[in-house]
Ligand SMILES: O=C(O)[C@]1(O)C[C@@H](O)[C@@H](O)[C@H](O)C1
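Before any questions on binding or motion, here is one chain by itself as structure tokens, the form predicted on its own.
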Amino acid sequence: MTIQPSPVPVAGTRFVCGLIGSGIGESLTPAMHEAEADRRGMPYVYRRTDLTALGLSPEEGVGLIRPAGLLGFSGLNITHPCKRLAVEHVDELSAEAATIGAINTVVFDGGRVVGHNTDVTGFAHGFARDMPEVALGQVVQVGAGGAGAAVAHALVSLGAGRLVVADLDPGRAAALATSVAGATGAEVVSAGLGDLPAQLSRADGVVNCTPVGMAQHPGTPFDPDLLDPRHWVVDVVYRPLVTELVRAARARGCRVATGAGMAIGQAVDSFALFTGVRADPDAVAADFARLVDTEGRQDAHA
């Protein structure tokens, strides 16, 4: 899947973009977008709407989408827990978003509200960069929410031979597995969290697509003792960058990728949708690394 940029903007266009989600006060997405715009001399402002800080429900959060367009926003990113709910608040879905049933990017285009999903391409780009040539015979994915839907499609596109989707809600896992299998023809099956010991014993790798590990949801999505050095592990959470799962997997000798790859990839693609200008992936990756390093030094000083 390839994200097509919006039409190239008229010179002097001012961009106002934003992010809607819960617990996003530490998100690096605004800084990545603004840094890319600064490099290109583009007037660009990126605002957060943190539902947790404002005491708003996910339903109230997605209710802000259309008003944002009326207020002059160019586009929005949508994150946990609003990606599926947001589908009902747009006029049109890109082909990828319609297949996935979740959106993380909204573009306001001539009075129409269009939903996209850059999590798919973002995860695929990050995985290809961070996990080249890993075995994909059987992959276990934990989490079947909005991010999980995108990652499942990406894993199939990357060549997963058999994808096992596990979730705390077995019905949600089964629905996602059925949807992805029907759309792609791939072998995708569902499992409960209680099935993970058996499924991981036959797996090459595992991806965490749950919010467990985020600053607001500490812990691990499953028992790390189920891992051994032959497993590769990807965590889509990037705040914090080194989650408890990442730390535990490294301690067990696993090959590990953090959520940085997906965060960078989706930022690159959503910037293109908002502005019509394709961001430089290497420069955005450098921005991400600089921001993380700066935070680390500030924390150490404090």
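No experiment lies behind these values; they were computed from the predicted model shown. Start at 1 and count along the sequence shown; that's the residue number. Only the largest set of C-alpha atoms that superpose within 1.5 Å between the two forms is called the rigid core.
Omitted here: the form predicted in complex with the ligand. The next part is about that form.
Pick from 75 to 83, 124 to 132, 198 to 206, 89 to 97: which stretch has non-hydrogen atoms within 4.5 Å of the ligand in the model of the complex? Contact-bearing stretch, as computed: 75 to 83.
4.5 angstroms heavy atom contact with the ligand in the model of the complex for residue 19: Judged by the heavy-atom cut-off of 4.5 Å, residue 19 is in contact with the ligand in the model of the complex.
Proximity of residue 29 to the ligand in the model of the complex, heavy atoms at 4.5 Å: Because a heavy atom of residue 29 falls inside 4.5 Å of the ligand in the model of the complex, the answer is yes.
Even though the partner isn't displayed, in the model of the complex is residue 275 close enough to the ligand, meaning a heavy atom within 4.5 Å? No.
Could you list which residues of 245 to 282 come within 4.5 Å of the ligand in the model of the complex, counting heavy atoms only? Read in sequence order, the lone residue that approaches the ligand (within 4.5 Å, in the model of the complex) is 266.
Using the core for the fit, does the CA position of residue 34 change by 2 Å or more between the shown form and the other one? Comparing forms between the shown form and the other one, the residue 34 CA shifts below 2 Å.
Align on the rigid core first; then say whether the Cα of residue 214 has moved by at least 2 Å between the shown form and the other one. Yes, shifts by 2 Å or more.
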